[in-house]
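Coming up, as structure tokens: structure 1 and structure 2, two forms of one and the same protein chain.
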Structure 1
């Protein structure tokens, strides 16, 4: 098969040869054309600006993607993971030797199908390492991914990034095409649910391939009695948790599914829920849902009914529509997520008891705690219980590196050590 001279950014593929051909081209570009991270950051800045258009503003997660692409976000990540010399593609001293980062070659991306921006988010990490990107775009994300990538084409006038990109689409059941992708790459970034991740990890990757997995996780928030009982600050905290719930429609691993409130006899949780309901209503006014899948509507209605039937003291606050839901009760276990802007608010006697039950599935813990000493204890307990991020409530989606406890760019480069022969 003859390789294409010009690779389309998104292409339906039907044979392993098409994938192999595309990967070969990407690998040659990565080897022959160096690209410094500073150059990538410059294109990213222009890309972020180009994405600020009316037709894309309602895309879940696009605001996050625009912030992610900014130099102020990614330059600190590069500095932390690889050091200042890497920004311009240079060597840095390491004793009598020197080190320099080189691309792996071709990085394959298997994004999850439920996060609109994830195909693009994943490839940005490999771009910063100078790699070529072979991305399988889930069918349901083809249109939005194409729209986002068209904005990259507009600003990438010399093709420094677009020529390093090959986005493919094929049915998830085509095992031979998944295998062709795996065999053609030097690294991989895998995202998604347990079943999808397990299937991709079984693929025949080369023995030298670097494989990084971001599997299924969930997130929760927690407030001590002093924080939620403070009337002067309560409305602000409620607005923060509402923003965390609204982003990504609660489909992201960093989306809070439950909020644990530390109980106190002197404070009325109904007052908190009233303020939280007002914050949800306001967030819904600012960012209304344009459409909703029938299955999600059914799931929300079922969750409301089951919650109220499960235990007589349980209460719920929600509008007539399925726009948002607050489920109030007691318990230290994380309920099964409903998503769709459905937040379980659970009263507990001790936040430490809740955190001690985490089993490694919790990715992010959003905290609102008055005492710095108390927060230190909670953060320590969370780290020991498998939590990778402990952040201020309202900032649960503000990612940096590490992500799920793993560096984002460092695994997608090779650090070459050079000891001069003259030494």
Structure 2
């Protein structure tokens, strides 16, 4: 059995005891040493600065992470979720009682394997609540997570966050280790695909544990005719959607899989697709793929073929490589996502009609709409139809609270109510 002094470096664990022991240590620290939110914000601010290094610049999502760690981003989130008194570490009045947020204790994190910065993003949410963090780092993200955490270690001179961290790695098939992790935590943040999430949810968490699930979801974008028909603005919108498509290889829940274009007789969708193709080409030049899973290449080739072999007069634009694909046609249903920079551009008569048919599957709706009044109606319809985020196209991945309609920090604290005995 090993109890690490330096739990921050990801440990390959082999036995349930290693996890139990590490979690126990985290719990003791969380109970014995309170950490002020201001201290966390201070370390985060320095961490953000430390991450501004050449070797990490190409990491997908790192720019978001740096922005997320800034005090200017997080203070408003904390204020909204927990109020000003929490920031100052105090109690707030609630009638004749008073309330104060306390950490849950140890929060277990099961990040998805597709977002490079997700183990760290998840961890930061629980840190802000003063918790210790037990993080299972997916194998494919070990190296990058390590590099990011080393920067925290550099700036966290007194070890206030470092000592609250236990990063573990083990094969996804090791059910006993998943179970040990679940039994050792007081809260859990679970991110991922349908099957992964359902498997983690079934683990034997203590009855008091708070479990928050993010994903699986998908996202779409929509443009009204005035927005895509405006030649002056069209290129800019195309660049924006290209950026949203490129991030995370379209594997994130906030990645647009389809773009609904509101049809208009006076405007030629081919012109739009031409501009979009150029934007995709340029984005690909700036951010070429370094590698690809062969199954994704197969999936992309198949998506192109099936789309064009349909009876409908579908069209498509793509290069000889699997770098990107635009599938153009008509339709109000969200097609099965291919991912891998494959965007279905669907002409529709009325965006409102399409959005009203969404179900809880859609997480984010990226919008490009000229009229504020129209956008208001679309946002209302989206909210009613299960969409949790309605944002400007080009900002679909901007991580913010609430996410998936859920606060990020609030679920990982307990609000303790104190009614004075003398009153």
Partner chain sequence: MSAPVEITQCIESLLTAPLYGLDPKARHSSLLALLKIELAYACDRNPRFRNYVEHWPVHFHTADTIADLPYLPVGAFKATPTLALVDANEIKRTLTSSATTGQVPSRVVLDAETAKRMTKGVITIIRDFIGPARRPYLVIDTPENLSTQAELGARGAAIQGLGSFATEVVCCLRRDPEGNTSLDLEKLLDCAAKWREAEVLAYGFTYVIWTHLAQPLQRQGVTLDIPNIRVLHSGGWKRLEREAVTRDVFIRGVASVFGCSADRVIDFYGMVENVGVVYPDCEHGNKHVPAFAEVVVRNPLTLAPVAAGQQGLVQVCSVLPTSFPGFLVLTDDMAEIIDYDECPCGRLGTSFRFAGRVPKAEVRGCGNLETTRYQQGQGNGLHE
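Source: prediction; values computed, not measured. Residue numbers count along the first chain shown, from 1.
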Fill in the blank from the handout: Between structures 1 and 2, the form predicted alone corresponds to structure 1
Handout entry: Hinge split between the two structures, rigid part shared by residue 118 and residue 244
Key = no
Exercise for the section: Determine the rotation of the smaller rigid body against the larger one between the two structures and give it in °. Expected result: 8
